[in-house]
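Quick heads-up: it's one chain on its own, the form predicted on its own, in structure tokens.
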């Protein structure tokens, strides 16, 4: 009896040690997020509250609503406007999802339900490799492949295009980056659907196509929507690839597909070559704005996901 009590005590102590160790690791991981948010906020708020070495503080209202990034002499004016960047960022993210979501979901359906096993295994590997490709590579593909095609397309349609740098080029690159993420998440969700649902539909006379689209996809809709949320997050947060193909517009919004554009991230990236001064500090203000946009967008998408997936909050 004493031996059993000793074993139970030892196991209880081990569980306590493991629990505390995992708690410490979780706190460390969370602290990095907090440190990043605090650092960006502390740095980004300076242009709004300081005199910026005699240039005057940045007006918050103009910063959030103006349609021109910088008015006047480049290193003298403090009239920075990011309103059009918010609109451009959300607009491009929307177009990206509209293009990449159907392709990603249908590819996932083919891999999970239709393709023979050897082909499905090969395509699954390709998707995983694409998801791990660095963003700079996608940006270079956009510069070398998409921009010439877009430039020639614009000329053939009678539109002006700045060498192909455009909204359309940005959307193509971001869609190429988003498709592997959507496909990977959707494919796992589709494979997790109970096979008895599909068998029941087939037994009732439904065709395989009807079963796949009306039963399987609906049953996996919550997981599929999670892939769309991840894709939107990547579109909102991508900087390098966007900067290579967008054209870095200084004003906007840019709704025309052949117009040059700019997002919060691409504008943020351009000014980090500086080390001091308002043009450097204002990029951290953009960082605060980007965090807010991402948080609000994710909150809205997760709310829709709960409704679409019939999940309780």
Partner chain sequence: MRKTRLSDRLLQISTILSTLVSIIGLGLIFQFVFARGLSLLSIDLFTSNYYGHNYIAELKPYEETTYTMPDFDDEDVYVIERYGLALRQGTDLAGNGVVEVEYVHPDSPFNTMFSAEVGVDTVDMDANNIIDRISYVDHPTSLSRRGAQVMASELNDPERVINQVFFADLGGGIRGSLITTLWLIFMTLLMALPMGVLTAVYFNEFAPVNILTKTMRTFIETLTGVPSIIYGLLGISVFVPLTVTLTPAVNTNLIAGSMTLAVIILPIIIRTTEESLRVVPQDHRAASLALGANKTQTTFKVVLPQATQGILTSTFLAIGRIIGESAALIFVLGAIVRDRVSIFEQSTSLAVHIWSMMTDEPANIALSSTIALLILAVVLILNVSIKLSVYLFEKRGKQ
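Positions refer to the first chain, counted from 1. This is a predicted model, so every value here is computed, not measured. Think of the rigid core as the biggest set of C-alphas that the two forms share within 1.5 Å after superposition.
The protein also exists as the form predicted in complex with its partner chain; that form is not presented, and the subsequent description refers to it.
K.L.:
State yes or no: in the predicted complex, is some non-hydrogen atom of residue 260 no more than 4.5 angstroms from a non-hydrogen atom of its partner chain?
P.N.:
No.
K.L.:
Looking at the partner-bound form in the predicted complex, is residue 304 within 4.5 Å of its partner chain by any heavy atom?
P.N.:
No, no contact at 4.5 Å.
K.L.:
Though only this chain appears here, would residue 138 touch its partner chain in the predicted complex if you measure heavy atom gaps against 4.5 Å?
P.N.:
So residue 138 counts as contacting its partner chain.
K.L.:
So in the predicted complex, does residue 159 come within 4.5 Å of its partner chain, heavy atom to heavy atom?
P.N.:
It does not: once its partner chain is placed as it appears in the predicted complex, residue 159 has no heavy atom within 4.5 Å of it.
K.L.:
Which of these residues, 222, 199, 125, 152, gets a heavy atom within 4.5 Å of its partner chain in the predicted complex?
P.N.:
For this set of options, the contacting one is 125.
K.L.:
Please pick, from 87, 184, 193, 143, the one residue with any non-hydrogen atom lying within 4.5 angstroms of its partner chain in the predicted complex.
P.N.:
Checking each option against its partner chain in the predicted complex, the one that comes within 4.5 Å is 143.
K.L.:
Using a 4.5 Å cut-off on heavy atoms, which residues of 36 to 66 contact its partner chain in the predicted complex?
P.N.:
Sequence-ordered list: 36, 39, 40, 43.
K.L.:
Establish whether a shift of 2 Å or more occurs at the C-alpha of residue 18 between the shown form and the other one, with the two forms superposed on the rigid core.
P.N.:
Yes, its C-alpha moves 2 Å or more.
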